[in-house]
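Quick heads-up: it's one chain on its own, the form predicted alone, in C-alpha cells.
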Amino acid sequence: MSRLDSMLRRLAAQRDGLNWAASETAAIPGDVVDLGLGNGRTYDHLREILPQRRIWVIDRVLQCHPSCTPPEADFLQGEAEPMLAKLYESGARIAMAHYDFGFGIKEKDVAEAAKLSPLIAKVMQPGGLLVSGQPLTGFEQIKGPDTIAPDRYLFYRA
C-alpha cells in the first residue's frame, strides 16, 4: 500500500471513528477533549459534529491553521501531564476523547500513551468513549464502526 493510500485510509478511519463516537456518546453528559491539536483538522471536525459540547484542546504548541484555533479558555498549552491535571482540577468531565499525541517513533508513542492513560482516565465520564491512534491502558477496548479495519484506529470505553 502506498503512503498516500495509507494516509487516506487513516484519515477516513479517524473521521468515521469520531462520527461514530459522537453518536454513541450523545446521551453521556460532559465535554470533549482533543489531545493533540496539530494543524487543527480534527478539532475543526469535532466543532462541526459536536457544536453543543465544549471542546478542550491540549497540545505543546499552537500551530494550527488560523481558522481552527480553539478559544483561549479551551486551549491548554503545554506538556500533556500538567495540562491533564489542570483539566481535572477545572472540574471538566469528558464524554469523548480523541488521542492523537505522537512523536512519530512507535515505541516512544506507545510508552507515552501508556503513561498518560491514568491521567486521561481521571477526567473521563463513566461510559465515555476514547478514539485513539495509539494503544491506551486501563480502559475497556471495544469494537468501533464496521468501516474501520481492526487496529487501524482503537476505541475504548471508560
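In case it trips you up, residue 1 is the first one in the sequence shown, and so on. None of these values were measured; they are calculated from a predicted model.
The same protein also exists as the form predicted in complex with a small molecule; that form is not shown, yet it is the one meant from here on.
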| property | result |
| --- | --- |
| Distance check, Ser132 to the small molecule in the model of the complex, heavy atom within 4.5 Å | no |
| 4.5 Å heavy atom contact, Ile105 to the small molecule in the model of the complex | no |
| is_contact(Leu37, the small molecule) in the model of the complex, heavy atom dist at most 4.5 Å | yes |
| Contact label in the model of the complex: Asp31 to the small molecule, heavy atom within 4.5 Å | no |
| Partner-proximal stretch of 22 to 30, 123 to 131, 47 to 55, 93 to 101 relative to the small molecule in the model of the complex, 4.5 angstroms, heavy atom | 93 to 101 |
